[in-house]
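The chain that follows stands alone, in the form predicted on its own, written as structure tokens.
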């Protein structure tokens, strides 16, 4: 009979993978993530040795540089019970693509698979692993939610943010017909194909406008910055925020891009 897996720790030691965009562009998301994790009973540390996850190199076909970056990240986060990122994109890189990256490396493949198995996107970790069912947050707004491609398609993040947002006092959530449609960011895609990217973003912003929402929420800074920038150029007054800020009730900071 195979051995039973060890029980989940009551107060797990979580390594917060902040991600590049949160660190450089929106630190409030990182602080919100820490608050949510600590409120959920986790002991949170932010390893100073963390870097980019290597996704830009991986997506551009530079697997050698992606592997170099990934080795450093694996070593930095191995001591933790869980690795949590406020980004489906970066969490997906570790959880889905690290095992692919080291598939032919007998030394690093086991370490990559072990890290992948304990890596989670923030909101799915709170709901699926920690069993969180509600938050003590309040925000008077009408919001619509954007499902980022990696979070939705690689990690299955869909119901978890909506379940917690439904418990935010004063918040009404309106679903867009194109909630699951790409925003046009796609990392290097928006740089290589700006006209196509802008066309995709226009579909997204038109759908947002059709909902009548005054707030756009999502779980990936790349998507949110792209949406906020396009809304601002179109003269929209809709605000854009990372979902962690709303759930942690830390909305004193201005919305992304000041929209």
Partner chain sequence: MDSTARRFEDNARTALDSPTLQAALAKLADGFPRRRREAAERLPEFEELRDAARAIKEHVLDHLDLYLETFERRVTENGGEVHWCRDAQEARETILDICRRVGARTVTKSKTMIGEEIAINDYLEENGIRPVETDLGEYIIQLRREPPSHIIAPAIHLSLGEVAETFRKSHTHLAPERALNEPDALLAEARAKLRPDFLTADVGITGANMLIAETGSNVLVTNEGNADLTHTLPRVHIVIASIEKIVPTLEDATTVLRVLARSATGQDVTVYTSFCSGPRRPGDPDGPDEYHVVLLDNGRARLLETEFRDILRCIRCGACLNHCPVYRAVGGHAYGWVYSGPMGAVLIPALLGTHEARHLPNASTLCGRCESVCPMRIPLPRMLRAWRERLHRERRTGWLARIGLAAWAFVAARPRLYRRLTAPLVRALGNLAGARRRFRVLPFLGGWTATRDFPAPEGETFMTLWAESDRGRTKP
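Residue numbers count along the first chain shown, from 1. Not measured: the values here are computed from a predicted model.
There is another form of the same protein, the form predicted in complex with the partner chain; it is not shown, and what comes next is about it.
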Point to revise | Contact test, all of 26, 47 and 203, partner the partner chain in the predicted complex, heavy atom 4.5 Å | key: yes
Practice item. With heavy atoms only and a cut-off of 4.5 Å, decide whether residue 98 touches the partner chain in the predicted complex. Key: no
Review point. Would residue 181 count as touching the partner chain in the predicted complex under a 4.5 Å heavy atom rule?
Key: yes
Check your understanding: Is there a heavy atom of residue 111 lying 4.5 Å or less from a heavy atom of the partner chain in the predicted complex?
Key -> no
Review point. Does the partner chain get within 4.5 angstroms of any non-hydrogen atom of residue 239 in the predicted complex?
Key: no
Exercise for review: Name the residue from 159, 138, 134, 177 that puts a heavy atom within 4.5 Å of the partner chain in the predicted complex.
Suggested key: 177
Point to revise | Partner contacts for 189 to 227, taking the partner chain in the predicted complex and a 4.5 Å heavy atom cut-off | key: 189, 190, 191, 192, 193, 194, 195, 196, 197, 198, 199, 200, 203, 225, 226
